[in-house]
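Read the single chain below, which is given as structure tokens and is the form predicted on its own.
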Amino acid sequence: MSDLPDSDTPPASQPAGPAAPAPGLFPIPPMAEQERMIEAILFASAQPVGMAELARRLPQGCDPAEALVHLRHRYAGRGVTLVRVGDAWAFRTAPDLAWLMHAEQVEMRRLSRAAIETLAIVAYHQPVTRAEIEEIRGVAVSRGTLDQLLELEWIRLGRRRMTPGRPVTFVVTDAFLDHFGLESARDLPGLKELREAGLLDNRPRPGGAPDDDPDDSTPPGQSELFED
């Protein structure tokens, strides 16, 4: 009689062992790499990042809580530190270095009336001497007014006039043209445009009739630029 089991009889069931864990698609990054990932996320974020958001962004199996502990220890005593803000985390400037932080602001400087008038005369009458500026304005031009415009680099010294004393002339600069969006001084608005913009009085010229020429593009003179 054979001791072999009948082929039609199913073998006795064996007790099932513990199920083997399903292998992940990617290995869990080492802790040093998890620190780098969190470091990149916090630096790129304008707002503090919570633990849940960190866990969502990191690969599966990472431990953001432990990585934050290591990262915080690594940044201790540095110029920026890792701080907890409520339930979130962020990098902040070290408190003892806060005095180094200040906002850079552009200070708007208002030109005086004398500087505005002088600049306009140079722009429309260049090259023009100081004596000619004073003749057009009707008053003396202070050295401070010209110095202010030279400091702003809106005017510069031009060629000397071939007249007795060889006085120096003034002309506008490329910085002036760039500031006002002009390609050249020829693009300055004419008398008609200035009046339409309300920059000149529409009263008639002193001792004369109103300017009826709609295409008058000649540089304005003293009475047209600076009427009282």
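Note that the structure is predicted; figures quoted are calculated from it, not measured. Numbering starts at 1 and runs along the sequence shown.
Just so you know, the form predicted together with another copy of the chain exists too; it's not on screen, but the next bit is about it.
Interface residue remark: residue 77 is counted as part of the site for another copy of the chain in the predicted bound form, having a heavy atom within 4.5 Å. Although the partner is absent from this view, residue 68 stays clear of another copy of the chain in the predicted bound form, with no non-hydrogen atom inside 4.5 angstroms. When contacts are judged by a 4.5 Å heavy atom cut-off, residue 92 counts as touching another copy of the chain in the predicted bound form. Mapping the unseen interface onto this chain, residue 96 counts among the residues with a heavy atom inside 4.5 Å of another copy of the chain in the predicted bound form.
If you take 35-65 and check each residue for a heavy atom within 4.5 Å of another copy of the chain in the predicted bound form, you get 35, 36, 37, 39, 40, 41, 43, 44, 45, 57, 58, 59, in sequence order.
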